[in-house]
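Starting off, we have a lone chain in the form predicted on its own, written out as structure tokens.
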Amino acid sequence: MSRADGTAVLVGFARAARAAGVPAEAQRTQAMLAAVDALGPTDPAALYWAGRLTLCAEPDDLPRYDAAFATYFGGTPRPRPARTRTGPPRRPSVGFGGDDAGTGAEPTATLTVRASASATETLRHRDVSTLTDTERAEVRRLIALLAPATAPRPSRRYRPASRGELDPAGTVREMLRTGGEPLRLARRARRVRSRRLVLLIDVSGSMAPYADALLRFAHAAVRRRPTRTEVFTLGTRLTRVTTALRARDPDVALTHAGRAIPDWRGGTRLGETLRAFLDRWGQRGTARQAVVVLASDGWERGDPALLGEQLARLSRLAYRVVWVNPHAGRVGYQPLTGGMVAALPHLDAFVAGHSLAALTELVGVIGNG
């Protein structure tokens, strides 16, 4: 494997770790590449520790990193004992098996890491509707590692702080405790709170090949922030499945959701179901200043004009409206269906949702909101 291929594999792993909740931003990813370059890419244990020491910022990140490493590379290597090096340190390139890869058992382990990483990277870009049962099971495990969450925002409420603007009420309370003497000026800062995430998932017959993956994505979002995430399914009627998706196990959660959805693989009335959502939930606060993700292929049995009207209402309420269309990942796709033509003017983002890589991109779109 060339140096460029090895770097691509490592960058792909950093993306997977970031999707799992590890703060693997660009600066930490560069540090990981430099660490692997210094330690040598032929040892899986060195690769594991190079990533762990550079990508993780706090103890809570370690379980997420271990899970991401095990899924991406096919196992977490045991830490090897420290050893002293008598000669000058070698600095092989990040080639994953270059001229200085060595001999013996070490290249065998490296080949295993290479093959697993390459297979996982290929699988990330496969359309979920074309997967075999084994591949689908692997993708389901990878989706469970995703951590969809909106970006934090300052709330209207304040909290005591050591720095920040002057807190007049807090200062007066302190003066009452000290007999009227202003010994300390109280200060305050705004509390930080994440925006609400609302997922509206089309479960009609045309979306059947992708509904399982999208509902598992929704389960990962509910598990990440149970009190700030709402999930509804759209078909011929609106169904709230947030409670069903709060089960810890994804398979159990989807079983509960399947029992709650009466119109699974039925028709699609996006305009009517979206109006029902806005009248009952959105207008009352669920969609206000929230990031709303609507996953559908845009096939509308009703009037597309009604869908456009309801999306205009939604865009006025929500902070951002994101449309996920699995067909957008196909070469030559054009949003020509009546539903998509009516929806596009009211969207803040339009992304594909046909593969694990597309769902990972969706995590970034949600987090940037």
Partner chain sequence: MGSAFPVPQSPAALAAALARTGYLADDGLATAGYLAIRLGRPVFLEGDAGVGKTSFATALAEATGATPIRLQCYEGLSAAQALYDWDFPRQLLHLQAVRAAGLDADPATLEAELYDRRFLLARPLLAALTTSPCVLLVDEIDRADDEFEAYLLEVLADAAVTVPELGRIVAEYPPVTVLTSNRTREVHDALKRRCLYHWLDHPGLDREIAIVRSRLPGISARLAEQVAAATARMRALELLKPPGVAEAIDWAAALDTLGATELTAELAAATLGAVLKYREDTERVRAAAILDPGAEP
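Note that the rigid core is defined as the largest set of C-alphas that superpose within 1.5 Å between two forms. Fair warning: this is a prediction, and the values are worked out from it, not measured in the lab. Numbering follows the first chain given and starts at 1.
Beyond what is shown, the protein has a form predicted together with the partner chain; the following relates to that form.
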- [ ] Please pick, from R228, R124, R188, R136, the one residue with any non-hydrogen atom lying within 4.5 angstroms of the partner chain in the predicted complex.
- [x] R228
- [ ] Would you mind picking the one in A208, V252, A151, V172 that has a heavy atom within 4.5 Å of the partner chain in the predicted complex?
- [x] V172
Open item on the list: Given that the partner chain is not shown alongside this chain, does G285 nevertheless sit within 4.5 Å of it in the predicted complex, heavy atom to heavy atom?
Closed with: yes
- [ ] Find out whether any non-hydrogen atom of D66 is located within 4.5 angstroms of the partner chain in the predicted complex, and reply yes or no.
- [x] no
- [ ] Check whether P59 has any heavy atom within 4.5 Å of a heavy atom of the partner chain in the predicted complex, and answer yes or no.
- [x] yes
Task: 4.5 Å heavy atom contact, W49 and the partner chain in the predicted complex - done: yes
TODO: Tell me, please, which stretch of 151-159, 199-207, 212-220, 254-262 lies within 4.5 angstroms of the partner chain in the predicted complex when heavy atoms are compared?
DONE: 151-159
- [ ] Could you tell me if all three of E25, L39 and R193 have a heavy atom no more than 4.5 Å from the partner chain in the predicted complex?
- [x] yes
Task: Stretch 307-337: residues contacting the partner chain in the predicted complex, 4.5 Å heavy atom cut-off - done: E309, R313, R316
Task: Displaced residue check between this form and the one not shown: R173, CA, 2 Å or over, core reference - done: yes
Open item on the list: Once both forms sit on the same rigid core, is the C-alpha displacement of L183 at or above 2 Å between this form and the one not shown?
Closed with: yes
Open item on the list: Taking 2 Å as the cut-off, check whether the CA of H327 shifts that much or more between this form and the one not shown after a rigid core fit.
Closed with: no
Open item on the list: Distance change of 3 Å or more between the C-alpha atoms of D61 and A244 in the predicted complex: closer or farther compared with this structure?
Closed with: closer
- [ ] Taking the shown form as the reference, report whether the CA atoms of E58 and T227 lie closer or farther apart in the predicted complex; the distance changes by 3 angstroms or more.
- [x] closer
